[in-house]
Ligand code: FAD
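Taking the form predicted on its own, here's one chain by itself in structure tokens.
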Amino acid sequence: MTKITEYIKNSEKTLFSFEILPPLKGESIQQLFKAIEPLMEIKPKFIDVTYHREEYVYKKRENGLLERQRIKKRPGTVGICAAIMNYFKIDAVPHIICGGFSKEETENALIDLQFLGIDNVLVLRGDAIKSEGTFIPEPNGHAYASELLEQVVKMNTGKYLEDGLQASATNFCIGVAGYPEKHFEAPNLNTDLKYLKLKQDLGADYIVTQMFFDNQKYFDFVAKCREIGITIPIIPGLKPITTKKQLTVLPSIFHIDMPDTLVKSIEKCKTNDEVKQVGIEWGIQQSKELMFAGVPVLHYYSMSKSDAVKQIAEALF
């Protein structure tokens, strides 16, 4: 399949892509296909597939004591990528995270991806388990995305965990995350950018940003990246607002600011249908400005719901 950087290099126009969630355990993949199909009409170049780590639940045993059990609500990222590539003939980009994986488990997952012909990965630290509050790496796992990135880069040179192994080199194009409003754990943006520059120096090929709703934050972020020598493509990540609840939920989860104009427009809405229309119109104008500025790709966080993203993309592509 084709690498993300090759798509960007070979295109004179801004490209279209989006991200989906794996189905909940027990759901049919056909539901996911139905969400993807409307967006295929707009000819995306790739589809990102998120990875959702385990959670802990407490179940009461017969003796009355509580037993902590580990569950995964959205399993099957590797299989979903394979299914998407087989069904739609498009590149799928799996998210590879530190949380919940040892280095050996990571290596085995990457080997599976290589066997499937998947050439693109997005490497992330991942979130802490909800019940733990702070991120805790697995035993013999990675604590930082930069460490995970190094493992993928080493495999690209034929270096595996086992010493002396006669291994063939993988060929992954490696994406990393960027935060226009800084990662919430970083003391300031300059510190955050220092670590982003480190990821480029270690071998990252491109950057996808956290969602933002004020384009100036993206433009300022790109300018600061370029000032410190970050030269790889920086893909803006966008999300259409579809419910009034997202005014508080999104800033809480993703640590982002909402522009006053957008907030006031949504607060005037009486129904979520009205909110959705405001979000679509904002998304169109935001996307047009970014496209005019020559961004390489417009990447949409769809949450596996296609309608709002489709309406925005249809107005652009």
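One rule holds for the numbers: they count along the sequence shown, beginning at 1. Note that this is a predicted model, so its numbers are computed, not measured.
Another form exists, predicted together with the named molecule; not displayed. Remarks below refer to it.
- Although the partner is absent here, E185 is a contact residue: one of its heavy atoms lies within 4.5 angstroms of the named molecule in the predicted complex.
- Although the partner is absent here, E104 is not a contact residue: none of its heavy atoms lies within 4.5 angstroms of the named molecule in the predicted complex.
- Although the partner is absent here, S146 is a contact residue: one of its heavy atoms lies within 4.5 angstroms of the named molecule in the predicted complex.
- Within 4.5 Å of any heavy atom of the named molecule in the predicted complex lies no heavy atom of K154.
- Taking A82, L247, L124, I230 one by one, only a single residue has any non-hydrogen atom within 4.5 Å of the named molecule in the predicted complex, and it is L124.
- Residue in contact with the named molecule in the predicted complex (any heavy atom within 4.5 Å), chosen from I174, V208, L110, V78: V208.
- If you check the named molecule in the predicted complex, you find no heavy atom from any of F16, L32 and K89 within 4.5 Å.
- Comment: 189-197 is the region of 222-230, 238-246, 189-197, 165-173 lying near the named molecule in the predicted complex, near meaning a non-hydrogen atom within 4.5 Å.
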